[in-house]
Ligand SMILES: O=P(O)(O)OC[C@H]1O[C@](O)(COP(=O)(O)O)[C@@H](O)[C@@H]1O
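So this first bit is one chain, no partners, the form predicted alone, shown in structure tokens.
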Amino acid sequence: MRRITLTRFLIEAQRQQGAQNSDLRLLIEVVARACKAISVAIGKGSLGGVLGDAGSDNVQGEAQKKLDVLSNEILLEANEWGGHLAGMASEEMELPHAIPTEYPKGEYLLLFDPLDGSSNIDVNISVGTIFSVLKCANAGCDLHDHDFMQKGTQQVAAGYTVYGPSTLLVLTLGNGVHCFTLDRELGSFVLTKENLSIPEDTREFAINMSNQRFWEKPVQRYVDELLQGKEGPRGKDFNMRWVASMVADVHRILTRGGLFMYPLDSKTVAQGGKLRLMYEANPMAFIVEQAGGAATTGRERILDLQPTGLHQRVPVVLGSKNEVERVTRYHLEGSQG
């Protein structure tokens, strides 16, 4: 079996499909190298002095971990100088990050959650990095928030890494979803799964049950049906899985199907939801749809949402298509009385 590295995969995609240009290829390779550096830091754990709180809060007022700050810095520094970006935006920063004036500017925008699930890092549970790539309509001009305010349908690439027993990179260029595994000896990401596909039906769901009393009635109805199992209206048993790390939960769904939900509830309604549209919901929705799944807010397709702010939050329901459609139908029936 031939070993196809990420670099070879991207070059062949460029030649055969015209799926990208050289700047986009360089961007993805640089992000992958930054993720390798993050993987090394995470792998050292206490030995590297990277665990624990950073003593600061991010723009959302959440306490930052040392690895949140470090991962953010690694991604910024890796992508500043290559000439492929017009700018960057991070979940950890209030404002966009402009490319320093001494470096050339490109036509792409990079958005990222540098360390998703970082609350798990001190207990050695899988975490990850999520990223999204957009084209900049005003490449070469001064960067503003509105340059990033593009619907998820306009993404040209998206991906995530999972830092677990092995480090995985999952990527879509809008033509299927592919998984690469980091060969630690060679230092290269190697293609290990092509054209990932999410089954339309599932017996697994992922949701934070501790929030049950705050959910809206359609979610209460849906989860109650699942918990009734064979004796209930669904006529089959369901298993619940919840890692509290979106990349880990979504990767399980990409691997064997399932449903991930962080729905709107009475605790998050004032801010619009829990997860960030630009850094989490859009890239994951793009990946899931490319793998044959679906992604909605419970009421509308995530990729059709028009962003109104860099740190906008939304509810998220994604995964196996038939279950997402059922949850969405319950919400629409509820809104109709």
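Sequential numbering from 1, following the sequence displayed. Keep in mind it's a predicted model, so treat the numbers as computed, not measured.
Just so it is clear, the following notes concern the form predicted together with the ligand, a form of the same protein that is not shown.
Checklist entry - Pick from 71-79, 179-187, 149-157, 239-247: which stretch has non-hydrogen atoms within 4.5 Å of the ligand in the predicted bound form? => result Only one stretch qualifies here: 239-247.
Checklist entry - in the predicted bound form, does Asn195 have a heavy atom within 4.5 Å of the ligand? => result Asn195: no contact with the ligand in the predicted bound form.
Item to check | Leu305: touches the ligand in the predicted bound form, heavy atom cutoff 4.5 angstroms | outcome: Taking the distances in the predicted bound form, the answer for Leu305 is no, it never comes within 4.5 Å of the ligand.
Checklist entry - Contact between Ser118 and the ligand in the predicted bound form at 4.5 Å, heavy atoms? => result So Ser118 counts as contacting the ligand.
Item to check | 4.5 Å heavy atom contact, Lys66 and the ligand in the predicted bound form | outcome: Outside the cut-off, so no.
Checklist entry - Pick from Tyr108, Tyr262, Phe131, Tyr222: which has a non-hydrogen atom within 4.5 Å of the ligand in the predicted bound form? => result If I apply the 4.5 Å criterion carefully, the residue I get is Tyr262.
Next on the checklist: Quick check on this chain: which one of Gln228, Asn208, Ser166, Ser266 has a heavy atom within 4.5 Å of the ligand in the predicted bound form?
Outcome noted: By the 4.5 Å heavy-atom cutoff, the listed residue in contact is Asn208.
Checklist entry - Check Glu204, Glu323 and Val327: does every one of them have a heavy atom within 4.5 Å of the ligand in the predicted bound form? => result No, the candidate spot makes no contact with the ligand.
Item to check | Residues of 260-290 having any heavy atom within 4.5 Å of the ligand in the predicted bound form, listed in sequence order | outcome: Those in contact are Phe260, Tyr262, Lys274, Leu275, Arg276, Glu280.
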